[in-house]
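Listed next as structure tokens is one chain, alone, in the form predicted alone.
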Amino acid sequence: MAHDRLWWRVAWRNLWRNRLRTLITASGLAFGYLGAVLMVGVSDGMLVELIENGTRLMLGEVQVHSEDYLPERNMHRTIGGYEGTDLEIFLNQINSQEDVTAAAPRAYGGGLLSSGEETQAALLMGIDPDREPHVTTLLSRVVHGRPLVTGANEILLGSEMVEQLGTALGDEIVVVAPSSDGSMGNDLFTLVGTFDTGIPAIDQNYGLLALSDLQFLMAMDPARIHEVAITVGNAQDSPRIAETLREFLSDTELPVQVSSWTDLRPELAEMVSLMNAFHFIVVIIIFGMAAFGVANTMLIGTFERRREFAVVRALGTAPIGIGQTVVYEGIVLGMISLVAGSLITWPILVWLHNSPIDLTQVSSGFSVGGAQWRPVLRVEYSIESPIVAGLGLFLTSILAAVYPAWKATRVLPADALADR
């Protein structure tokens, strides 16, 4: 043990024999740590925003349907069949689950909207105006007018749909839609608001009605709904929560299908997996580059001390002891770099998390799989990425010292002392 402490002391002193070189090398590793954690944080911020916008806008993080509703979305395939279900009891069962934050019922239909001489096809979505805001942010995207009132025959339209119809707030919209009894339902609805999500597929095609109004238009019993959208505490846990909810609802008499957003938006789930894999590639590239710098520095230091190693070898020190000293230098260098990297990284992460860089002046963002990303460099931080980056830094400093250590063990005392 005392012998081991001696080599640690020698390694520490050797590092500070050339302070400038040690500080430059440690700074390179520290800023490599900052770069790795920061890039992963920015990538995580993009992922969180894509998932939130892809699920909280309209989709929901978990959905419950009748077993045979998807993918055809037949209007007759309601939860509980033609008899429907006691909606309050069913929602209470779902909300009783620990991981469920909120749940909202929905119904869907297709129809034609007419205003004046203009007619447009639309997807009709019936929502509960009181429950929906707890699950999605769709009603918060109302840019003109106000949200819906149940039972008042009101409708919300996307901003682009309003332009296509040439209508304005307060105008009456004729809505014609196939009914569940085989007839054609039609009624007048008042346009009370327009929403703008930034996603053309939604703003051009959707019309929002109160759930009871759409059920009446489509001659559906109030107990019949097509979907329950659910929000949970952490969107990343949605597959596990969906499986737990599926097992819980299997004990009821209703044959239902429970799907997480990863099932409903597989393209978005694939992108999340791809970006998570990219995190490790970033860490490997950054610290791979740093490894060459550390190895070069330690090789120079090893060459400069050839005569010193030769004297120590001539006094009876085993080659393993020489190599051990160099490896210990790498370990100490890694510890110094990790402490320095942590001290400069965390304040920057917290600052960028609370004050993200807004790039809306130079870019308008993009959408993937129904999810929109704003050009705002939102940084998310967690325990995992700093730990992984810290391990990467530490392993880099150790592995970079292995080759110089091996070279040090190959120094022949006679040749080194003779300057050969």
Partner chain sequence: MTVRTLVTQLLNTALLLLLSSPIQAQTAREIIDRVDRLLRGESSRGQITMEITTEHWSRSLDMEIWSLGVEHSLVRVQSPAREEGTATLKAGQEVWNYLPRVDRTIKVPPSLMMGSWMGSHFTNDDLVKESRIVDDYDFEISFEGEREGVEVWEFQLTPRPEAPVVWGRIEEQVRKADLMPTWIRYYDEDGDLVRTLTFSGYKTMGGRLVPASMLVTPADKPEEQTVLTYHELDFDISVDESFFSLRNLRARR
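Residue numbers count along the first chain shown, from 1. Computed from a predicted structure; not experimentally measured.
There is also a form predicted together with the partner chain; it is not shown, and the following applies to it.
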query: Stretch in contact in the predicted complex with the partner chain, which is absent here, among 178-186, 194-202, 281-289, 338-346 (heavy atoms within 4.5 Å); finding: 178-186
query: Close approach of residue 121 to the partner chain in the predicted complex, 4.5 Å, heavy atom; finding: yes
query: Touches the partner chain in the predicted complex: residue 77 (any heavy atom, 4.5 Å); finding: yes
query: The partner chain contact at residue 216 in the predicted complex, heavy atom, 4.5 Å; finding: yes
query: Any non-hydrogen atom of residue 254 within 4.5 angstroms of the partner chain in the predicted complex; finding: no
query: In the predicted complex, the one of 172, 130, 163, 243 near the partner chain [non-hydrogen atom within 4.5 angstroms]; finding: 172
query: Single option in 114, 97, 159, 297 placed near the partner chain in the predicted complex, where near means a heavy atom within 4.5 Å; finding: 114
